[in-house]
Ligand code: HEC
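In structure tokens, the next block holds one chain alone, the form predicted on its own.
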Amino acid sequence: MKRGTSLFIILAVAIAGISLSQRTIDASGAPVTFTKDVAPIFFSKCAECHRPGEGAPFSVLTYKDVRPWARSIRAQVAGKEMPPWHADPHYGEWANDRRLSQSEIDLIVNWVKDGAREGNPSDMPVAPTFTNGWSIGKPDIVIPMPETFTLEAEGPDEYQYFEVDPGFKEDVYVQMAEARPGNRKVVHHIIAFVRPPSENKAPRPKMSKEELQKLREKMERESPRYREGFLMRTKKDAPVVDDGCAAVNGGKINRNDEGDVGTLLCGYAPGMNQAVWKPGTVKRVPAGSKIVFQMHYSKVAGSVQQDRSSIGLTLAKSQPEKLVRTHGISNGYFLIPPGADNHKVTACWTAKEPIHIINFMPHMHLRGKAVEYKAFYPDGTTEILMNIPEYDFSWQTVYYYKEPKAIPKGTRIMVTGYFDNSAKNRYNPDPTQTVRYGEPTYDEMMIGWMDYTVDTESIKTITAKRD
């Protein structure tokens, strides 16, 4: 055999080998297809958001819906931007971890490279079923806003509050809860609060209109906040405390002046998963309570919009045992200088009883860069509970522990947020501005939400104390 011929054969075999290696094949040597191999992954990790009626731009329930997005899917999956998950895997184990394994990533990427084949329709698994309009399934109770709200076409964001009497004559125990926007074009977030009937109400002193007006003016002067239209913001001359933990310990700050609207029941925000607690662990809506909707609206320029959002509640099917409590570890006195690219803000909270943490949900706005929850135990040891090295305002994820995290009495939990107010932050509304706490997204927040149960507390003990 001539040397040239031999070289040609070797090259031909090598090229064929490369071509075959780039073809996506399964263990049996058959090409990987959507129906047999890719659809099960999409159904398991993506369909909750990528389905008709949800906020995602396309559905993954059929090949016809997926195929036009194949290249985009490959880029997002290869870059680990989808499915969205921002928790550092070195800290904590999470029940709702959406991450794909490397083998799943490789399979999807190579499937697209190989032409994104559909496959045999008979291989298609049964698509997951969803209740139209709800992620938690059909709720037992749906509570809408009391009326349709009309939002004007121009102007800044608005925070609006609506109170509803659901008419509960007995305590209601909630196993799952979902806040549902009526108009996704304008609803930035929903927080539904429970406002229980006041017990032992102290009579208010009788005051004239003039006296009431003077009292309001005095409170506004002394408050670090001011109202701008429908938004609450922080005064420029308000105290500045970036290290909230040191301030709390030193007695400089003992509250956040956010106002008392009630106990958080559930919420909706960009990319937020719904409130689902393990059987036996519930939130309680006491008899006679009102539900308060806090609505953050963003306007659509040139277009008047209407909204009537609602919440859905799935009730416990058996006698509940533990009560879920929600707390936001927050600092409302920080100041982020113009151009600062890694500004640090802390907030702390100490457990007065032994507790078990169910989940975390960090919340910042567009300048949020990273956030960490850290425990300082009574024995002097420390532990990072959760770390988000790259915070993304578009994904307000609630991170559920696989098993609730035991926290001893006296443990101090520190939440540390980092903010990028520089021009390097492509989401930054204006890097030349000094930024303080405020409701609009062009201001900032630093809140470390968490759900937990108290070890020494049960539904029975709560009921006995009340009775």
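Please read these numbers as outputs of a predicted model, since none were measured by experiment. A residue's number is simply how far along the shown sequence it sits, counting from 1.
Omitted here: the form predicted together with heme C. The next part is about that form.
A heavy atom within 4.5 Å of heme C in the predicted bound form is found for exactly one of Lys299, Arg98, His365, Arg325: Arg98.
With the partner omitted here, the residue from Gly229, Gly271, Pro166, Gly339 that has a non-hydrogen atom within 4.5 angstroms of heme C in the predicted bound form is Gly271.
At a distance threshold of 4.5 angstroms between non-hydrogen atoms, Val194 is out of contact with heme C in the predicted bound form. The shortest heavy atom separation between Ile407 and heme C in the predicted bound form exceeds 4.5 Å. Not displayed here, heme C is kept clear of Tyr442 by more than 4.5 Å at the level of heavy atoms in the predicted bound form.
At a distance threshold of 4.5 angstroms between non-hydrogen atoms, Lys45 is in contact with heme C in the predicted bound form. Only one segment in the set 315-323, 68-76, 283-291, 347-355 has any non-hydrogen atom within 4.5 angstroms of heme C in the predicted bound form, and it is 68-76.
Contacts with heme C in the predicted bound form, taken as any heavy atom within 4.5 Å, map within 35-60 to Phe42, Lys45, Cys46, Glu48, Cys49, His50, Gly55, Ala56, Pro57, Phe58.
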